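Quick heads-up: it's one chain on its own, the form predicted on its own, in structure tokens.
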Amino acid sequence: MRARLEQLLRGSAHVEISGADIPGCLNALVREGIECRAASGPDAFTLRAEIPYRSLRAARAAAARRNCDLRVLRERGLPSAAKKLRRRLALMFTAVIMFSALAASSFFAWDIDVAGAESVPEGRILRALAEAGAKPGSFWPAWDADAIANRVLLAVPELAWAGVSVAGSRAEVRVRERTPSMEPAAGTGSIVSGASGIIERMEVFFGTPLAAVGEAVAEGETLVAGSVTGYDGATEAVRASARISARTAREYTASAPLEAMEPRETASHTRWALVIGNKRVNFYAGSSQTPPGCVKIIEELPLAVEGMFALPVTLLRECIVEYAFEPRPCGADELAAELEALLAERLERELDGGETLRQSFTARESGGRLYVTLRAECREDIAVYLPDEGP
């Protein structure tokens, strides 16, 4: 009983040794003072035995010197149990550390999103937030949401309202921009023609008309003077206002090469990088810039769980695609249709509420390019306000 207890305390390992020189390996174990118990073997090239656990490393080295392989079949005793326990404790400790880090990270705002900004740049709002103390990596329970919103409104006057909310380690800042004032502008000025044409209708609200229906006017010509004469003969400067409809003519030309350069993928490769906070670690040699003649497609893999936490660690997958350009002839009819659509879109955009009465397209080829011209007869409001120059 005592011997068995001592064996359990010291530990043992059941091993299998295989190789061409089993007798020589067994002699080497004996010379090393390694006790081999219950030695047996299914054939001349295999030996199974039980050795002390503390001699396992020396036995493996002795077998290697005889060109034999030693494989552990099973382990018994206190040392083996202690080793397994250490592994489990290390695994448990690592898990505790990771979960603690994740729990602690949820108290820091690693990602800040801005919603509701249209004309105000998002970067400007983020800078105002950083100056107010709300920046990536900051301890969000210490934030004063009302104070941060007030400081952002003072730093960005274009905003009418701001609100800050936090979910996990993601902060969301909602803003609303101010509505432009609808009050009429002050000052005096006249109405001039924004395009050449023939006046069809005039509605003068303020000022003195200088043109009449049926007259042809040139672009920039004054149509309504910014002044009125009272009953007493005195002249007073006013801000002229009018709606003047005229028949105008517009002409636009667009061109495109008849032979286009079509990209063709020739090669591609993938490279990886890790971003920790503001630091980037490239897992490849050379610069991170995109080589000439290549396109870089970036896929971001953040270490985060939506709505729970987000750590400042992002794995980047960059796919570098190389292209070669080859000439490809373009169909003249298809190219002309594309240019006509672009010209029609430009005409509609610049008319800004006017209407097209008639239009026609002409196309010609010259120097390897296709030229398409749009000629249109339109009806539009040509009244343009021109403020008076200061004294």
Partner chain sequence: MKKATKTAAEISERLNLPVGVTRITLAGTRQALIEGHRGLAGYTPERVTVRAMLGEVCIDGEALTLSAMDADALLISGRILSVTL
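Only the largest set of C-alpha atoms that superpose within 1.5 Å between the two forms is called the rigid core. Just so you know, these numbers come straight off a predicted model, no measurement behind them. Residue numbers count along the first chain shown, from 1.
A second form of this protein, the form predicted together with its partner chain, is not displayed here; the remarks below concern that form.
Asks: Report the stretch among 359-367, 336-344, 318-326, 28-36 that approaches its partner chain in the model of the complex to within 4.5 Å, counting heavy atoms only.
Replies: Heavy atoms within 4.5 Å of its partner chain in the model of the complex occur in 28-36.
Asks: Since only the chain is shown here, I'm wondering whether L47 would be in contact with its partner chain in the model of the complex (any heavy atom pair within 4.5 Å).
Replies: Yes, L47 lies within 4.5 Å of its partner chain in the model of the complex.
Asks: Quick one: does G353 come within 4.5 Å of its partner chain in the model of the complex, counting heavy atoms only?
Replies: It does not: once its partner chain is placed as it appears in the model of the complex, G353 has no heavy atom within 4.5 Å of it.
Asks: According to a 4.5 angstroms non-hydrogen atom cut-off, is N67 in contact with its partner chain in the model of the complex?
Replies: Outside the cut-off, so no.
Asks: Would you please decide whether G331 lies within 4.5 angstroms of its partner chain in the model of the complex, comparing each non-hydrogen atom pair?
Replies: G331: no, not in contact with its partner chain in the model of the complex.
Asks: Using a rigid core alignment, state whether the CA of E32 is displaced by 2 Å or more between this form and the one not shown.
Replies: Yes, the C-alpha position differs by at least 2 Å between this form and the one not shown.
Asks: Is I22 one of the residues whose Cα moves 2 Å or more between this form and the one not shown, with the core superposed?
Replies: Yes; I22 is a residue whose C-alpha shifts (by 2 Å or more) between this form and the one not shown when the cores are overlaid.
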